[in-house]
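In the form predicted on its own, a lone chain appears below as structure tokens.
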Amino acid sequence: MRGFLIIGNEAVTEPFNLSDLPGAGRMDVLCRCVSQALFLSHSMRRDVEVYLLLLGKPNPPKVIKISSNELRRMSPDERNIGGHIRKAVGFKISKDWVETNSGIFVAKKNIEELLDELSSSYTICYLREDGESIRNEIYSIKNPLFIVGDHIGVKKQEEDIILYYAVKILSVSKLSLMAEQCITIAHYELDKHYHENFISI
């Protein structure tokens, strides 16, 4: 299992205009991250979960969980993904996960509550430019959850909590890449490692 947590610092927490995803707190960035995390050419990855932490107005925080094994009727384009997110943020929610569509859930959790829940099943890995090379560390990670910021990055308030839960701080590049690029590279390194490991058995 592998997971990705993307922090949407300004991503709105109410239904938004699908024709203006950037104006919804850069929801376009989150949609691209979902696409890169879940989709292959003409198919979908299995055993992947994506978590979108929405911290924008008017009712933060909200978390959307997308599970590839259960997901139905999603395509990789931004507008389609945005439509699923738009539906999810319109639901009445609590601390418990509410299913809004097949494989899509929403809850009202802050980052501490979310990481406390996920740390029992994932190895929490914070992606940051100054971390250890993911290529050197990937062999030792079981069930990684990679945390990335949106176009703003990760603010200190959230980073302090992430650092408490993070088992590893990893880097996919010493350059500051776009969030979706980080996800693509993380997948590449994992795919490469597991393919090589499978061939050697």
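Bear in mind that the values here come from a model prediction, so they are computed numbers and not experimental data. Just count from 1 along the sequence shown to find any residue number.
Note that the form predicted in complex with another copy of the chain isn't included here; everything after this is about it.
Residue contact check: S68 to another copy of the chain in the predicted bound form, 4.5 Å heavy atom: S68: no contact with another copy of the chain in the predicted bound form.
Give a yes or no for S176: in the predicted bound form, does one of its heavy atoms lie within 4.5 Å of a heavy atom belonging to another copy of the chain? It does: once another copy of the chain is placed as it appears in the predicted bound form, S176 has a heavy atom within 4.5 Å of it.
Using heavy atoms and a 4.5 Å limit, would one call L52 a contact residue for another copy of the chain in the predicted bound form? Result no; L52 lies far from another copy of the chain in the predicted bound form.
Partner contact for E117 in the predicted bound form: another copy of the chain, 4.5 angstroms, heavy atom: No - in the predicted bound form, heavy atoms of E117 and another copy of the chain never come within 4.5 Å of each other.
If you check in the predicted bound form, do D47, T100 and S102 all have a non-hydrogen atom within 4.5 Å of another copy of the chain? Heavy-atom distance to another copy of the chain in the predicted bound form: none of the three under 4.5 Å.
With another copy of the chain left out here, work out from 60-68, 27-35, 162-170, 139-147 which stretch has heavy atoms within 4.5 Å of it in the predicted bound form. Selected stretch: 27-35.
Quick one: which residues from 176-192 get a non-hydrogen atom within 4.5 Å of another copy of the chain in the predicted bound form? In sequence order, S176, L177, M178, E180, Q181, T184, I185, Y188, E189, D191, K192 come within 4.5 Å of the partner.
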